[in-house]
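Consider the single chain below, provided in structure tokens and representing the form predicted alone.
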Amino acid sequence: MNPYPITVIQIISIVFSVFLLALIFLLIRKKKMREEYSILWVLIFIVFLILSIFRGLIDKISSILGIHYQPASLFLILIGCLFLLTFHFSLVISKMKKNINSMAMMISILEQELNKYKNKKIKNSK
């Protein structure tokens, strides 16, 4: 006999995980999300899909971590995934801020060059 019979919540979590994976792939296909930002999302949804299908994994993870209440280990995994996402997005934001600062300096230099060119042109036309 199966120690983990299939329950309604398991079916719902499997369907929800597959739906979210399909949504991520649809967003990538429609160019609403870039591939490099979606990799972590896909990995997280795959982990939750695996945990939804194989309910015994949560028990094994809980026993390895010494957690006696299995839903607590699920929340720990969720918090770890959220931590990874925020860390990843912090790196992306830092990189974008650096690029924005570089572009702002470049635009400022180009504006100065353009003003010099305009002033030179005005002096030559007089």
Partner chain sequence: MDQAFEYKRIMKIMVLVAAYNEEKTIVNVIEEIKTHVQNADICVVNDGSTDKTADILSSRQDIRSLHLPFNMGIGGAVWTGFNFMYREGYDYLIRIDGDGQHDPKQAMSLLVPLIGGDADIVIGSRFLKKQGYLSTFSRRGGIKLLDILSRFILKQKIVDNTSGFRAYNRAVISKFIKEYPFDYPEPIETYIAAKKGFRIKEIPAVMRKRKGGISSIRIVHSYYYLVKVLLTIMVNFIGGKNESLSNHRYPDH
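Positions refer to the first chain, counted from 1. Quantities reported herein were computed from a predicted structural model and do not represent experimental measurements.
The next section is about a form of this same protein that is not shown, the form predicted together with the partner chain.
A heavy atom within 4.5 Å of the partner chain in the model of the complex is found for one listed residue only; from Arg29, Lys98, Arg34, His68, this is Lys98. Proximity to the partner chain in the model of the complex, defined as a heavy atom within 4.5 Å, singles out one entry of Ala22, Val15, Ile9, Ile109, which is Ile109.
Taking non-hydrogen atoms only, Asn119 approaches the partner chain to within 4.5 angstroms in the model of the complex.
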